[in-house]
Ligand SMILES: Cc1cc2nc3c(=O)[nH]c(=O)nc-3n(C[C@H](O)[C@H](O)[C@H](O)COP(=O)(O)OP(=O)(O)OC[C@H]3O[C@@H](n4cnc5c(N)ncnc54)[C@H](O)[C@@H]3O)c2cc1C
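This document opens with one chain alone, in structure tokens, the form predicted on its own.
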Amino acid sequence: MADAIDCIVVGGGLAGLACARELVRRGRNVRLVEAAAAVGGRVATDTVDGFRIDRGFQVFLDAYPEGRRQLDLGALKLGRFRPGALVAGGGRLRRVADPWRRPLTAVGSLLSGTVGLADALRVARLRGEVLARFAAGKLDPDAPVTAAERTTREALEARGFSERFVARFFEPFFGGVFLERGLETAEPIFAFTFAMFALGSACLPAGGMAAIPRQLAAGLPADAVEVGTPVDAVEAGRVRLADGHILAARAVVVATDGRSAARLLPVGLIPAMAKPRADKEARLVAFAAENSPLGEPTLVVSADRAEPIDNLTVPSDVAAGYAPAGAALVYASVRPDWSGDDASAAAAVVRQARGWFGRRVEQWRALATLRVGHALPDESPAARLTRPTGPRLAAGLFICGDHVTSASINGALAGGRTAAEAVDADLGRR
């Protein structure tokens, strides 16, 4: 039976699922093995007291090219955030709106002084340029990096954005997306993400982000996926399971996170992975509330640097299935540089949120504090130079994941698909 397997995919996150699905679509016999009890990797959703809690603050951008290519977006029943954000600072909430979709609200942002006219014009110029690059096919964050790139902060400074606007908007908004407030993420990642927000909406699937990997897995044969199956080592054509069993196939794809891939692959195969890229951590505090503090599907980002909240959302305002009837689910994503421990996080979040919404937040009930140790790989220019240049490592051995492409759902899906294409081409030559 083992001889009949064309490819073993190690890892059932988005990249591994996308790879396996594409290979099945191409008529290949595939087996996917996943160490955890369910597929999905970091894109997972837990149930606590009837509330659906994603593992870390995550959104799906419906303009993602790979999402549109690989997913049935209608079946996900996506709920959409309003464009723009509420920026919290000094106890006040100030709205920054998308002038192309909410022009009157955007004018209000100008009149209130939240956005200066010069910075608004710079945003318009930035938007036009990144959309033109994307339309021309010149904005691909997954393309191999051949030279040092600028950081996001360097790119914004070069465009002349004021320090005040960077601190009030770009740092809290994109800092929350990239899980780092220094804006050290490489400019191509920022430009692509900016384009995706401009072209579409941030969304949540009904019932939680786990709906995305579930949909991908549903496209695989029932006997193709083995969960609860940890792997000890891989090489071309062979996978050694933790229980000592050997699986053989014509090809193997390692679709794990970067650190796990470095542990599983033969020593010295990828010199750059001898020291895997650093990972960024995420922390989320979830609360049950009687009513939404927002009453609208929007994102609150905090510009208060000494406080714990990075961003705050009410998923039950955005998509169905996140909270029981008559209740609201509140997420507070904690700043990566906040030094408080998990035990004190919920109380610290409530203290900060009370300045925005009043004493009613004292009635919030903490449901869970989740810490995701390997939420995103480092996307700084120096780190991106260490990525493998493609999915093929050797004859019969391949790699994919967001540490190989770009750290996003789009990057994971794209990496899985391109790895499958490389495997299919390799098998066709043998």
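Each residue number is its position in the shown sequence, starting from 1. On a predicted model such as this, the values are computed, not experimentally measured, just so you know.
Form predicted together with this ligand: not shown, discussed below.
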**Candidate spot 85, 334 and 348, all three touching this ligand in the model of the complex (heavy atom, 4.5 Å)** = no
**Fill in**
Per contact check vs this ligand in the model of the complex (non-hydrogen atom within 4.5 angstroms), the hit among 156-164, 252-260, 138-146, 70-78 is 252-260
**Prompt:** So which of 220, 191, 264, 288 reaches within 4.5 angstroms of this ligand in the model of the complex, heavy atom to heavy atom?
**Reply:** 264
**Message:** Which residue, 367, 361, 383, 372, is the contact with this ligand in the model of the complex, using a 4.5 Å heavy atom cutoff?
**Reply:** 372
**Asked** Quick one: is residue 313 in contact with this ligand in the model of the complex, heavy atoms, 4.5 Å cut-off?
**Response** no
**Message:** Residue-level question: is residue 151 within 4.5 Å of this ligand in the model of the complex, judged on heavy atoms?
**Reply:** no
**Item:** Contact label in the model of the complex: residue 407 to this ligand, heavy atom within 4.5 Å
**Value:** yes
**Asked** Should residue 59 be counted as a contact of this ligand in the model of the complex, where contact means heavy atoms within 4.5 Å?
**Response** yes
**Prompt:** Taking this ligand in the model of the complex, which residues along 37-54 bring a heavy atom to within 4.5 Å of it?
**Reply:** 40, 41, 42, 43
